[in-house]
Each structure stands twice: as structure tokens, then as C-alpha cells.
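Single chain ahead, by itself, as C-alpha cells, in the form predicted on its own.
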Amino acid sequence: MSKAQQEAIKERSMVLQKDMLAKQFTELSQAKELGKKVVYTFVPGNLTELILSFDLLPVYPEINALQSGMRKKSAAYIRDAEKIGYSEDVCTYVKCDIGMMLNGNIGPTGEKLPEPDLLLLSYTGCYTFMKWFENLERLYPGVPVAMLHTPYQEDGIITQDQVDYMVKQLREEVIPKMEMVSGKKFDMDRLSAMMENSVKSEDLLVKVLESAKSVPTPIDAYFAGVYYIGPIFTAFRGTSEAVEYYQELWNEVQQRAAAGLGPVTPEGELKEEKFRLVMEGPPNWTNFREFWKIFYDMGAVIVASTYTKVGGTYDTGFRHDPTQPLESLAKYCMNCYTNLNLPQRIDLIENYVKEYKADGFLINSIKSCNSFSAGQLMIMREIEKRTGVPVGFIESDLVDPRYFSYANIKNRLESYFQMLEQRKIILAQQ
């Protein structure tokens, strides 16, 4: 183990997050014994503060799937789901989740996950979520289902009618079912107090992500970024633990920036920043370290990514509002990346390329994820036209190892980085 790896393991923010996640899965495994009720829901547009205000425990199926992918468990789960009729074209998160349930619902940490007491479908731009929950409803007959439908930002603006529509659903559909399942009355003051913690965490996360505007950047905003977003996009937004984590993370990032240090990676610290990239699309989870290492070996770092906005576009200005908790939840759902229209996504990426001084724009197109993959070729052409930076395109999948070709991806990236290098030489001569 290298010195850089030892230092990374000792960083307090990493220890804090590991302890937070371990505590979460242990609590879930003991939920029934502790008398806790469980809500299955999704990351984009999640209602974490509302769930926690009822003392309910959230479970995120796509988090279980990606964790299973990183632990090399997803291939077998996907095969089992396909054996009972799930097509190869179905989102591999879904098949991994279904396969996990078929094998005893043992979570990625090896602890059995509890069955849901409520299925909460917060729909934000991904139609697959609706079909996924139809299947969960069949797997767990009799479990109540609450749906929060989020209007798509077709015109690129959030109207008061849309906010009112969502608040009405919260009041008449979601909250009554949470009250029924939890046996507790809704407490607006408690929800508001939790959102004060949300704002603190959101402020700190944005500072961390925007530190990548520095040259060199002290962080990687894609591979490392998926760890940074973990607590705020899942079960900890609105908690004091999340605030503590993000404060510690921000302290560490400031120290690295002040010392002019590059990001810490599994292979060690990135000593020389050769290429700065903006990345579109989720990462591949089954070969996550090998994927990251290709970039590390070529001196490439991701300074901004769209995937780290799938659970909220805080860097464009949104914050939860403790003075209007329900309205705030509505606006949060509508501001998730997968709920933005294509012109909004292009504008966001264009700003990233320019503000973060990127040398190029790269898309990792996911075979089974239409929410991200739809429109990506058009996005790529438009970004090339608007910014002039070289664009690249690679393909993999979320948690299906059959669709990760290391040699193919490495060859494509090597050609892409050669193009970036030639462009740098030409620009330097002008």
C-alpha cells in the first residue's frame, strides 16, 4: 500500500462516512427488532428530511445496486433476474435489485435488508422508476404505495402552479401515508429544523465541488465526487452527522488546495494534472477502480460532472428553505439533473467547461440508462460547437460487467488524450 493510500484511509472525512454508512446498514438490519418502519425510495428527488422527520428509515434500491456492483455481486443478481424474464435492455440497477431480493434481500454489506413498510415513488424524470416500483409492489403485496409526481421542466422554468401541484400531493398523498405507517403526526417544525442542517451541508458541498476551479484542482469531481455526494444524496441530508462530515471534508480540501496538492486516488495522489475534463453520465461501478486508474495513468482529472447533480443541482443556487419546507421539497425535486430538459443540461455543461477551465468534454454513455443516454450525441455536438474543446464518447454500463470492455475504453481514451495533447501543443504555439 502506498503512502498516499495510507493518508487517504486516515483522512477523517473518509472515516466519518464509512462509520455513517456502516451504522445505517446495521440499523436497517435491526429495524424490525427495534420497531423501526422502513421506506423504499430513490435518490433523485428524495424526501429524506420528511422521511427522517417521521423517524422512518430510508432504503435506496439504486444505492444497493451500485454497492453490489462495486463488490462484484451484481453479475449473478442480474443473471437471476434475466432467468425470470427481465430483458437485457432493462436498467441493470433494476435487475440487480430484483436479483438481490430473489436471493434473500441480503444487502451489499452482507446484512439482510428489511422488507418495506412503505414504497415511496418520488418520480423525477426517469420513467424506469415507475416500472421498477410496479415490480416492487408485486414483490411486496399489501405494502402501501405513495407516489409524488414531479412535473418535467419542459420550458426550463419552475412555475408556481407546478409547486402548488407538488405540495398538494405531499399534503394529500405522501404525508398521510407516512403518518399511517409511522403512527406519528406530521411535525412541520421538526421538518423545518432539519432543513437548517440541509442548507449547511449544501453550502459546504458546493464549496468542495467548486474548489475544482483551482488549477491544479485538489479534488476529482467525478470518481471522488461520488463519495462526496453520498451522505447528502441519501440517508443523511438534514442531520447533524451530515453537517459534521461536510465540514470535515471542506477542511481537508482547503488544506490540499493551500498546499497545491492534487486529488487523492486509489493509486495515490495525482502528482501532475495534464488534462482537465467535464464528464457526462454515471460511472461504471463493476470496474470502478480500473476505470479511475485509466484517467490517473494519463494525468487526467474530472473537474466537473453531471452525475454528481443527479440528487440536486445545488451549485446553480438551489437550497432547501426552512421557512417553506413543503414548497422547498417540491422545488428540490424539480431541480434534479434528470428532471432538466436538454437545453438546460447543455447550458449547465457549457458553463462547467468554461468556468472550470476544462480541456475537454467526455461522455460515458450507459447502455441501460435512458435517463442519461437520451440526447447525449446531440449534447456532445452542441458542446463542441459552443466551447471548441475536443469531445469524446465511451460506452459502458452501470452494474453489468458484460458491458465494460477495459481494452476498448482504454484505447478510446488514449486516442482522445492524444488529441487533447496535440491541441495543447497547437494552442501553445499560437
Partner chain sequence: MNRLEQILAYCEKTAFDLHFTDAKKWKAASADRVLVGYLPIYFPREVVHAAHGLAVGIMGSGDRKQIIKGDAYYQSYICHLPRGVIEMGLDDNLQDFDGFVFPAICDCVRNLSGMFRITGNGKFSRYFDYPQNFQKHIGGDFYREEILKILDDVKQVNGVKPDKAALNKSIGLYNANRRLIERIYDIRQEYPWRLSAVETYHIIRAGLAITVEEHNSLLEEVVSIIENNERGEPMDNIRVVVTGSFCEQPPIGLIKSVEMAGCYIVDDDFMLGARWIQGDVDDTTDSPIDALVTAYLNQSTFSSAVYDVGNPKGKRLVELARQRKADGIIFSAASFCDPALLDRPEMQKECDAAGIPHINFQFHENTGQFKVIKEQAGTFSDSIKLWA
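Keep in mind it's a predicted model, so treat the numbers as computed, not measured. Numbering follows the first chain given and starts at 1.
Missing here is the form predicted together with its partner chain; even so, the following discussion is about that form.
Within 4.5 Å of its partner chain in the predicted complex, a heavy atom is found for none of 318, 324 and 332. Shown alone, this chain has one stretch from 63-71, 358-366, 41-49, 24-32 that lies within 4.5 Å of its partner chain in the predicted complex by heavy atoms: 358-366.
Residue contact with its partner chain in the predicted complex: residue 84 places a heavy atom within 4.5 Å of it. When contacts are judged by a 4.5 Å heavy atom cut-off, residue 277 does not count as touching its partner chain in the predicted complex. In the predicted complex, no heavy atom of residue 405 sits within 4.5 Å of its partner chain. Taking the partner from the other structure, its partner chain in the predicted complex has no heavy atom within 4.5 Å of any heavy atom of residue 228.
With the partner removed from view, the residue among 253, 191, 310, 121 that has a non-hydrogen atom within 4.5 Å of its partner chain in the predicted complex turns out to be 121. For the options 89, 297, 179, 187, the one in contact with its partner chain in the predicted complex, meaning a heavy atom within 4.5 Å, is 89. If you take 102-137 and check each residue for a heavy atom within 4.5 Å of its partner chain in the predicted complex, you get 121, 123, 125, 126, 127, 128, 130, 131, 134, 135, 137, in sequence order.
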